[in-house]
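Okay, so here's just one chain, in structure tokens, the form predicted alone.
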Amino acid sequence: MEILGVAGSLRRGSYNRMLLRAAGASLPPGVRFTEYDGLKAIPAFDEDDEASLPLSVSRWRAAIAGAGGILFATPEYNSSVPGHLKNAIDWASRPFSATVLRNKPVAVIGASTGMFGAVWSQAETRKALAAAGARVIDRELAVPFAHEAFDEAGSLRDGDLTLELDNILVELLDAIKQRVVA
């Protein structure tokens, strides 16, 4: 079983990338976690380019297709989804009749340096993923004050946040198992 981790921040040292890595470290044995690092290469969506997909889009779609489920960790830009993350979701959703996101189990978590932990961005990301056909886990993990939320090893300092992250991962893994059985 594989979970694809997607950080909505392009910054190498992003808190959302740290959050993804904390999630990957807490997965049970036998679950492979792969962090996707190609969002920056995906061009702006243009329907004219659908007939001859850019290589970065083909790789993105292949990564989604090969994963049992996806864990998105998103920051919040201007109270919403980072543009490049929404753009990547748009590319993955097309054509809608054959979207690689169809019934794909996904969960969305987020961290920000503010006091709300990217809750609006998480809600908007879940909405876009649901519209694209994904099976969205209807939960969120808001990690506020992200610059203080992780210890030196990259683990969450707050035990309640760690427990909630673990619960979301269990729910995502259950959704993946249900999809395999169906």
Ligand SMILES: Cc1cc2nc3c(=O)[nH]c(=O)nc-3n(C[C@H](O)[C@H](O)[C@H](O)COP(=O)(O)O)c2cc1C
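Heads up: residue numbers just count along the shown sequence, starting at 1. It should be emphasised that the depicted structure is a prediction, and the values quoted were computed from it without experimental measurement.
One more form of this protein exists, namely the form predicted together with the ligand; it is left out here, but the text below deals with it.
- In terms of contact with the ligand in the predicted complex, the residue from 68, 38, 54, 114 that brings a heavy atom within 4.5 Å is 114.
- Shown alone, this chain has one stretch from 20-28, 156-164, 5-13, 169-177 that lies within 4.5 Å of the ligand in the predicted complex by heavy atoms: 5-13.
- The ligand in the predicted complex comes within 4.5 Å of a heavy atom belonging to residue 79.
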